[in-house]
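So this first bit is one chain, no partners, the form predicted alone, shown in structure tokens.
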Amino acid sequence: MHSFKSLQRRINLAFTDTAFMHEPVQLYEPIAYTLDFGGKRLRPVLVLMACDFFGGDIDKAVFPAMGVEIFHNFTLLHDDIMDHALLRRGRDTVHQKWGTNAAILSGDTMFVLAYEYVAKTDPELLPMVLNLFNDTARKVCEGQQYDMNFETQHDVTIDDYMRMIRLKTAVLIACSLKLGALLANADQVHAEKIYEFGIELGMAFQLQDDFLDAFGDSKKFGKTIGGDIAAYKKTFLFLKALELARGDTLIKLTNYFFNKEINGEQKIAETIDIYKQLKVDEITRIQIEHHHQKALEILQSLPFEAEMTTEIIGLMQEMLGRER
């Protein structure tokens, strides 16, 4: 069995050994720049981990895993354009550095590259792999559209939001795990179970990200606290606060959140204070734990040895900002 760290090194080495610089430079330089952002390479590692745990050959899963990572970074590149983001992991976003047109075209090329790498798999498994990847790519785009719709939609519900994050975030984590299972020739029952495990893990992961945006330590989180509030994002926290607030509190919440004339720091501080008054922080933690526990229940039903289960649980703890 391979550890998360060893699989992470395997993926990092694969990206280091691959030249993404070609001609024309103006097209490929932004791609190389994007893929050099690094990060934990969580999704491709999940591909290798699932493949390994189901008894597959991880060397045969490296290229498809890279395809998943390229696709993920393509979505981030285009998300940054749509969100008008200036920074990604402390560096200029591609559209900020090279312009919007270059960013769109480089992102489109990354989408093609993602398919090229995913297609480098066993020909007998390719139809199942492509069906999974196609379904996932479409759902991620649907999730992004819902997220964009929410910016101007006034009647967004918590159920709407949960459906959006399932599509935008959770399905790619679930796809990564199921892809690894398919590459290891796991039976369909187990492949579906690890997919559902990934959905629950992805939901907890995104809710934790929402929570940390308001209540995290900016040094540990790696982002400015209150970014979602400053960007008027209708996250689980805001929607739950909107559901619970009454009278003057409701008026203050909507005024602080939507009034563009209020200073950004004041908007963030006052909104977070209302979250605390309404105990939205505690409610969000309970929701995160709900999905975490559902993921654990599914994990326990899979035919993994104790050492494997312990490794995945440790990874879950890290993803959710907990100690191993």
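The shown structure was predicted, so the numbers you read here are calculated from the model rather than taken from an experiment. Numbering starts at 1 and follows the sequence shown.
Omitted from view is the form predicted in complex with a further copy of the same chain, to which the following refers.
- Although the partner is absent from this view, Val112 contacts a further copy of the same chain in the predicted bound form, with a non-hydrogen atom inside 4.5 angstroms.
- For the chain shown alone, Asn101 is a contact residue for a further copy of the same chain in the predicted bound form, at least one non-hydrogen atom being within 4.5 angstroms.
- Though the partner is left out of this view, Gln26 does reach within 4.5 Å of a further copy of the same chain in the predicted bound form, counting heavy atoms only.
- When contacts are judged by a 4.5 Å heavy atom cut-off, Arg138 counts as touching a further copy of the same chain in the predicted bound form.
- Residue heavy atoms within 4.5 Å of a further copy of the same chain in the predicted bound form occur in exactly one stretch of 101-109, 243-251, 228-236, 170-178, and that stretch is 101-109.
- Out of the listed residues Glu116, Asp187, Asp217, Asp159, Glu116 is the one that sits within 4.5 Å of a further copy of the same chain in the predicted bound form by at least one heavy atom.
- Though a further copy of the same chain is absent from this view, in the predicted bound form it lies within 4.5 Å of a heavy atom of just one residue from Met148, Leu212, Leu76, Ala85, which is Met148.
- Residues Pro123, Leu126, Pro127, Leu130, Asn134, Ala137, Arg138, Cys141 are the members of 121-141 with a non-hydrogen atom no more than 4.5 angstroms from a further copy of the same chain in the predicted bound form.
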